[in-house]
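Just one chain is shown here, as structure tokens, and it is the form predicted alone.
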């Protein structure tokens, strides 16, 4: 067990190293120094207190979306619709925030609760079709992203747009604000929520019978079914829980950062969270560090076009290379495990 864990971790580290090496080659091809680019990324991400807070601010939604992906992956469900669930949750939280005057504290909790419900409701249809007809949840959830983004845009532009200005809703009331951590940054208690979710999910998966059942459904569904677990129902619940956490990420972003909903208010956080969860091999605790890595890339890239001749899009290239490298090493590892199993059976 320990050797398998070490092998998985070392494989992920090698995959990231290979991706960074390939990224360095691409940086050289565009006429820039890789050392200078990577040092600029480090300074942009961790250069001073404000930059560290900015990195943690970028990390927060990636971490919560990553936990949503981890829950799905543990149960054998590949929820690619976290981006859409984030948008629906963000809009739902904004609606409660500006439309319903409530006492402080209760207002924030009510907004977050509706964000959770919105995220779960949005994934309920793909989850039902997966449980009832065994449809591919990857296709249905990724297509639902586009519907969610366009639907929230319609709500924002045609139904709830504030008079004048940008395509955004009215600002939420101060009673719905998620408390900040520092005065000099928009970093808020959403980071604490993400950390609690990560640790809580790890404890649930490790020490509870339900968590063990979810893990068994994800790793060996036939064995879990023989053991008396309703695999279809478990998959349905796992997708609902994953979507609920995705909706929570949108609520945190709305209440803690923007204080309103706007078009494209959180582009790519859902997909970054999914990548972070894959890089962490589905481990909630490891997702804390992979989310921090991607948060640092996002925040550090803001300085790239100021201090170097490289484009911020190089970060997107590096992320794509990480996905390819991680996918390749996972396939190699699974092939090795399969061949080892065949050898044992032949013996």
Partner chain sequence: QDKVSVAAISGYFAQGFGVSIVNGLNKAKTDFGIDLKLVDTGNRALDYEEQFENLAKAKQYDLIFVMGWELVDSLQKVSKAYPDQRFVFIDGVLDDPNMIYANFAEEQGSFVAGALAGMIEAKGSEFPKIGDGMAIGFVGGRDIPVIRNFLGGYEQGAKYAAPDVKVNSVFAGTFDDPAKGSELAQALYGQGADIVYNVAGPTGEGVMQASAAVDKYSIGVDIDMCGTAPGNVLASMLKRGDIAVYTLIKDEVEGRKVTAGTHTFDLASGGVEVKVCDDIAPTIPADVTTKLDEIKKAILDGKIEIAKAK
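Just so it is clear, the model here is predicted, and its values are computed rather than measured. Residue numbers count along the first chain shown, from 1.
One more form of this protein should be noted, the form predicted in complex with its partner chain, which is absent from this view; the next part is about it.
Q: So in the model of the complex, are 12, 235 and 237 all sitting within 4.5 Å of its partner chain, heavy atoms only?
A: Verified in the model of the complex; spot residues all out of contact, no.
Q: Any chance residue 157 has a heavy atom within 4.5 Å of its partner chain in the model of the complex?
A: Residue 157 belongs to the contact set for its partner chain.
Q: With a cut-off of 4.5 Å between heavy atoms, is residue 303 one of the residues that contacts its partner chain in the model of the complex?
A: Because a heavy atom of residue 303 falls inside 4.5 Å of its partner chain in the model of the complex, the answer is yes.
Q: Even though its partner chain is not shown here, does residue 282 get within 4.5 Å of it in the model of the complex, heavy atoms only?
A: Result no; residue 282 lies far from its partner chain in the model of the complex.
Q: Using heavy atoms and a 4.5 Å limit, would one call residue 197 a contact residue for its partner chain in the model of the complex?
A: Answer no; every heavy atom of residue 197 is more than 4.5 Å from its partner chain in the model of the complex.
Q: So which of 97 to 105, 249 to 257, 189 to 197, 113 to 121 is the stretch with heavy atoms within 4.5 Å of its partner chain in the model of the complex?
A: Heavy atoms within 4.5 Å of its partner chain in the model of the complex occur in 249 to 257.
Q: Residue by residue through 266 to 300, which ones have a non-hydrogen atom no more than 4.5 angstroms from its partner chain in the model of the complex?
A: Heavy-atom contacts to its partner chain in the model of the complex: 267, 268, 269, 272, 298, 299.
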